[in-house]
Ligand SMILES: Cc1cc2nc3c(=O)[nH]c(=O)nc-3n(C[C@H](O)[C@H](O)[C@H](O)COP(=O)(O)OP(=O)(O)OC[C@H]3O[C@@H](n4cnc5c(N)ncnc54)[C@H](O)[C@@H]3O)c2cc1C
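Just the one chain here, laid out as structure tokens, in the form predicted alone.
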């Protein structure tokens, strides 16, 4: 793989037309990082196509080099998946941002990859339809990026992740070939399901230029409950008891004491439970029957009180619901306000083992003198681990963080978990796969990569 010379970039610019290719230092800086806070690399150029055909031109040009191409959506990933580690050209899909079709008869929506997830929610909900996946960054992340990492979100406990909603896609292969995969058909038992391979492939197999997503009817009623507890075990045990009682919430989130304090500081106001709150359980219910929803709310409150909830706050009014959600939705910004540099893990374990994992995380933080903040999806076992650098010197941070993260991953493996629940592998978590997956599995993945991308030009160094 060689680096493109100025002459190579000029040749690409001639093929694409004006305003598509740029390599000025100021512009490249905008594409040097994602939201991981621990990884940065300047690309050699940025290409911003406006159509599938232009993406195909870029990849045919890259194959001639061969040159590395790093597909990029909104840059909100946290695993370095869109960072040009080792050089290469960033292929930014930011200009492919149209909602192309809302098909109410077939309950589908078709859009380009740069459509912001929150905007898609607004478009479909205006027609009383529902696209459930809701990553925490939904106000800024893109559908293409969601598909590329198999993004989840708070509602995964009831509705599943992005993977469960992708019906079709238009993709461009490394040699510039354009494929149409899937369709609007609800069923498909017709040969190998290539589309499934691309969901979660992080731009290493093909570039997605159009997506068709499955929709469901918008639930008529929704309620949110916030339950503060003195300790985290009681909060996560409450969620486990609700599931055993056959109450499946649309959302079942938890926050620990560090994240509650971070939210309190960031929002600059008192939060439920006051200084006694060591953890939150945030429960959302939805459905078509108000009476059934109210019965479930009462049951959630009863279970919470039995587990020691300090209070039970419930809201069916949209404004009140958003106020209860504020402390959870602000966490990314709140933690960055405490510590601009954060060591992250996005691990998943069987949901009944969440309390054990969080306890292991806290112990690892104490052993290595790091503040550990945990929050995430108690209902599906996905724990977001954050070690805060704060005012640690570079040497101490560099020594302690890898050790703490290694212990978290080992605890995750022992508990039957995996290294990523919804953020993907990228480059930061690439070394971890071998701890969790058999070598035979990894070799088959490499064969798939070679079949799709024999020259290895698509997002090299990511995942594998």
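Positions refer to the first chain, counted from 1. From a predicted model like this one, the values you see are computed outputs, not experimental measurements.
Omitted from view is the form predicted together with this ligand, to which the following refers.
Enquirer: Looking at this ligand in the predicted complex, is some heavy atom of each of 71, 77 and 146 within 4.5 Å of it?
Expert: Yes: each residue has a heavy atom within 4.5 Å of the partner.
Enquirer: Heavy atoms, 4.5 Å, this ligand in the predicted complex: which of 350-358, 278-286, 304-312, 137-145 makes the cut? Say which one.
Expert: One stretch meets the cut-off, namely 137-145.
Enquirer: What is the one choice in 255, 227, 385, 93 with a heavy atom within 4.5 Å of this ligand in the predicted complex?
Expert: The option sitting close enough to the partner is 93.
Enquirer: Ok, 376, 249, 153, 88: which has a heavy atom sitting within 4.5 Å of this ligand in the predicted complex?
Expert: By the 4.5 Å criterion, the partner-contacting residue is 153.
Enquirer: Heavy atom to heavy atom, is residue 332 within 4.5 Å of this ligand in the predicted complex?
Expert: Residue 332: yes, in contact with this ligand in the predicted complex.
Enquirer: Find out whether any non-hydrogen atom of residue 44 is located within 4.5 angstroms of this ligand in the predicted complex, and reply yes or no.
Expert: Contact check for residue 44: no, nothing within 4.5 Å of this ligand in the predicted complex.
Enquirer: Whether residue 202 contacts this ligand in the predicted complex should be assessed with a 4.5 Å heavy atom distance threshold; does it?
Expert: Yes, residue 202 is a contact residue.
Enquirer: Can residue 82 be called a contact residue for this ligand in the predicted complex at 4.5 Å between heavy atoms?
Expert: Contact with this ligand, yes.
Enquirer: Given a 4.5 Å distance limit between heavy atoms, list every residue of 199-220 close to this ligand in the predicted complex, or none if there are none.
Expert: Going through 199-220 in order - heavy atoms within 4.5 Å of this ligand in the predicted complex - the hits are 202, 203, 206, 207, 208.
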